[in-house]
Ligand SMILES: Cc1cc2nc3c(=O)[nH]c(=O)nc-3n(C[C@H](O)[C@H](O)[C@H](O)COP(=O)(O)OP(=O)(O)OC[C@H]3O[C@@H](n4cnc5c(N)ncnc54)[C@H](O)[C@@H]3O)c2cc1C
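So this first bit is one chain, no partners, the form predicted alone, shown in structure tokens.
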């Protein structure tokens, strides 16, 4: 039932954490942008003070939820996940108390089509996220094969408060050592004293911070559905972007994360 071990945990804030999980059978082959389900039994403890559950799950029932993988397939010793703890979430109220050495369920099969498949190596990537929607993009930029010669990569990370900027040091380091990489963090509820970018992710497209050429710039959207809906509408109607699907390959790739 429980087939994996927690090998690391990093708390970003009381509501955000990075979890590193090692499957008993090792990390399977996967592509950056894919996801896997994690799970815990109903009998697993919840965090102190968690709201009462409207429906208490059976003790032996595995509560599962899919999470995008944040680690690179080039680093095969564990999966990494960037997780928001939802107070009344059946699974996250239990994940909130796991620690290194604890056991949990990790789906053996990795799945998902939100990958770089089909994107020409000489085309650029504009990776736009809110909250924990950053995870698949971390997997992409941590993977050497993503960094094709001449490719420009931009990561946008929208959060509510500056303390929510997980991976900021790593992404800033990428930016300082790679001229073709741009990191654009933006906080929508920052105090007036905050020196960084303020507002919603959409502002960066409206104020010219991001300028797109559809012929060479592939845009990936992951996170808040409202952000995705806004940008999908604007990019398709104003710039002629085409939403990617298996039947209709396009240059706008969408993953509604919750």
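Residue numbers count along the first chain shown, from 1. Nothing here was measured: the structure is a model prediction, and the numbers come from that model.
Not pictured, yet referred to below: the form predicted in complex with this ligand.
Asker: Looking at 131-139, 165-173, 184-192, 97-105, which stretch has residues with any non-hydrogen atom within 4.5 Å of this ligand in the predicted bound form?
Answerer: Heavy-atom contact with the partner occurs in 131-139.
Asker: I'd like to check something about residue 90: if you look in the predicted bound form, is any of its heavy atoms closer than or equal to 4.5 Å to a heavy atom of this ligand?
Answerer: Residue 90 belongs to the contact set for this ligand.
Asker: Using a 4.5 angstroms cut-off on non-hydrogen atoms, would residue 216 count as touching this ligand in the predicted bound form?
Answerer: Although this ligand is absent here, residue 216 would stay clear of it in the predicted bound form, with no heavy atoms inside 4.5 Å.
Asker: Taking this ligand as it sits in the predicted bound form, is residue 119 in contact with it (heavy atom to heavy atom, 4.5 Å or less)?
Answerer: Close contact is absent here: in the predicted bound form, residue 119 is far from this ligand, nothing within 4.5 Å, heavy atoms only.
Asker: Under a 4.5 Å heavy atom criterion, is residue 66 part of the interface with this ligand in the predicted bound form?
Answerer: Yes, contact at 4.5 Å.
Asker: At 4.5 Å, heavy atom to heavy atom, what parts of 15-36 sit next to this ligand in the predicted bound form? List them in sequence order, or say none.
Answerer: Stretch hits: a single one, 35.
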